[in-house]
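Only one chain is included here, represented as structure tokens and corresponding to the form predicted alone.
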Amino acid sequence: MKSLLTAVDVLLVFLALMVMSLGLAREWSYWWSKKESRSAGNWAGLPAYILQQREILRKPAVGIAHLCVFWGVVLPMLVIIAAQFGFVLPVGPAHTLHLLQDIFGLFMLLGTLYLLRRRLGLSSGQGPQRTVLLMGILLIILITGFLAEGARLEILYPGEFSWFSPVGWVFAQALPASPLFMQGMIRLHFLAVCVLIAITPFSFLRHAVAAPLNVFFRKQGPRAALRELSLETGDIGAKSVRNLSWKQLLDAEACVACGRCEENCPASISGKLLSPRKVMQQIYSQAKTFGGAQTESFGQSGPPLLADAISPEEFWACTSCMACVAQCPVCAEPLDKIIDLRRYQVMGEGQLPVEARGMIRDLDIYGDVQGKGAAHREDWAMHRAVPVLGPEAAETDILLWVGCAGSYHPRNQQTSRAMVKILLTAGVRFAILGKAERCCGDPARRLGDEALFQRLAQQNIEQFNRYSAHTVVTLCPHCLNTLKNEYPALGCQLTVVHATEYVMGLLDAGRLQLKYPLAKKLAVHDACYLGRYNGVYKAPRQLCQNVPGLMLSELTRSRESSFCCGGGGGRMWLHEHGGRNINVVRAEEIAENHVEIIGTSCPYCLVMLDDGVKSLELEKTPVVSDIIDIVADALG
């Protein structure tokens, strides 16, 4: 290999790299200036992410095309860099390397043409049309490269088949043996490459740098952890882009507007105004326009409100299902921005939706979403000798966290009693907090009332510390997520397990025997807060498989791709405006699978899906049941 770069070429490359560096520095100056010095990245998984791009390959056609373009750029780049050292390869290896470049170039050409055709077929609202110009430059680079190679082959090997450059040979059949033409194509090819490098920060190509950077700085710890607020300093959510953290701004920078979040968002699918892609793009737009500007230039009011670009109708439609986070190929998270928008609306403007105000008031006064008060917390366990944590029940294996739904809702009370039956049968020493238990605070936090969440959490933490509770089992995935993933930030360390996991452990240990058969076809509905939030998919299915006669079926959208019931994010207490009800959309999908039982592991899903299937008025309506109820019935 021999370097072909002249002094002028080196200067052009240097200028292109300098423009790119200055452009990236300018584009990133605002979020980088806010970055805390202690914020460290994580190398784990980054090389595999860049080289394999598994997340992008979730959509095979687009993913393969993207991979072809990626490797079509990387391999020639490595060869060009190696060529600058001036070493010489033997003919055989050199031709083999040349063949690889030719093949990768062909794949890159096909991938670019596919992506270009796809983009041209989209309306302006469906995809980033700005990529069309970028792919046009890529096509110029590819075609001029093949033309130059074809002319070179016609000059050196006229009339011969060049096995080491089959694509170049095809082009050579229609080209003259002209050194001038070859040099012209080489110069045009080189200049197009320099232009591509220089425009990287100002084009869609910036994601090639921002996306790996966002993966490098991706959130560590709980997958859907929200940004912690310091209420003492007056931090009350996102009024403008100035109130977003550096990582939230980097998320917006890395967003490629591919639309996968929107395609999997239950609010978008059901016809609501919410588009997670639009949320990210609006934040990016405002950050670029107003982020670095001086507040004085906007007058006393400061930069524009985020709510001016992202309407309340949009961010209140979110169910916090985390489908957008799970599906994003660059680890961007629209969800925490939506919650911060709600926080400012509630704590900064007092604009909580009317229908949720009664529930929030009940939480504030009584400590539960039903407004029934602590005096009725134990009514569900009446005459069942359920021990309450205290001096008389100090020695326990677990603390059974019942939650508001399990304590007060008639349908969920049945599941609480079923869990007690299972624990007593297995000989587990357990207790409940009883009247000392308060709502975990999840509804308040998801609706934006961070102050109320923290107050409820501290009351519960006092009880945990008082009785030295360490292992907690809960029937509610929302309680699971809050106690396990959000209380630690408030100084409370607990081992928290969902009921399905704990009961499966009892079965594995031989402490339970399921004897009574249930000859029915069942599909598991994966609750968002159990599955996507906490990765629990196996235990609910294993429990069902252990019930004699029960036939397990998988829904079209299940596990990581499961569809929300519509009750999360405080939506249980809000009316649905626009489009169709999310629980009805999910119920229709379940009905199409012709199952007899819908097995859930969440009190929210139980209520929402039961309402959904009943609204369909089917000739044979599927029964919605908690999996814990099914297991308890199989005990006899």
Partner chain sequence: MKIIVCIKQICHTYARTGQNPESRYLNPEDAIYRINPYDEAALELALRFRDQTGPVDIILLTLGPLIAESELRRCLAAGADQLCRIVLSGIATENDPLLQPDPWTKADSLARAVTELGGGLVLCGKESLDRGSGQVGALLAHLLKMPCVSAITDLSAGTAADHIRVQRSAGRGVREVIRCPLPAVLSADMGADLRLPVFARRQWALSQPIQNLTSPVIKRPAQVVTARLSPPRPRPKIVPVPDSRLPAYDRVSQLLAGSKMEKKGELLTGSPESQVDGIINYLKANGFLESHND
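Numbering follows the first chain given and starts at 1. Bear in mind the structure is a predicted one, so any value in this text is a computation, not a measurement.
What comes next is about the form predicted in complex with its partner chain, which is not displayed.
Colleague: Could you tell me which of 103-111, 343-351, 150-158, 198-206 sits within 4.5 Å of its partner chain in the model of the complex, going by non-hydrogen atoms?
Modeller: Answer to the contact question: 343-351.
Colleague: With heavy atoms only and a cut-off of 4.5 Å, decide whether residue 373 touches its partner chain in the model of the complex.
Modeller: Flag for residue 373 set to yes.
Colleague: How about residue 288: is it within 4.5 Å of its partner chain in the model of the complex, going by heavy atoms?
Modeller: No.
Colleague: Please run the contact check for residue 236 against its partner chain in the model of the complex: heavy atoms, 4.5 angstroms, yes or no?
Modeller: Answer yes; at least one heavy atom of residue 236 falls within 4.5 Å of its partner chain in the model of the complex.
Colleague: State yes or no: in the model of the complex, is some non-hydrogen atom of residue 366 no more than 4.5 angstroms from a non-hydrogen atom of its partner chain?
Modeller: Contact check for residue 366: yes, within 4.5 Å of its partner chain in the model of the complex.
Colleague: Pick from 466, 119, 435, 470: which residue has any heavy atom within 4.5 angstroms of its partner chain in the model of the complex?
Modeller: Looking at 466, 119, 435, 470 one by one, just 435 meets the 4.5 Å heavy-atom criterion.
Colleague: From the list 231, 509, 174, 81, which entry has a heavy atom within 4.5 Å of its partner chain in the model of the complex?
Modeller: In short, 231.
Colleague: Is its partner chain in the model of the complex close enough to 361, 451 and 516 that every residue in that trio has a heavy atom within 4.5 angstroms of it?
Modeller: Per the other structure, all of 361, 451 and 516 touch its partner chain.
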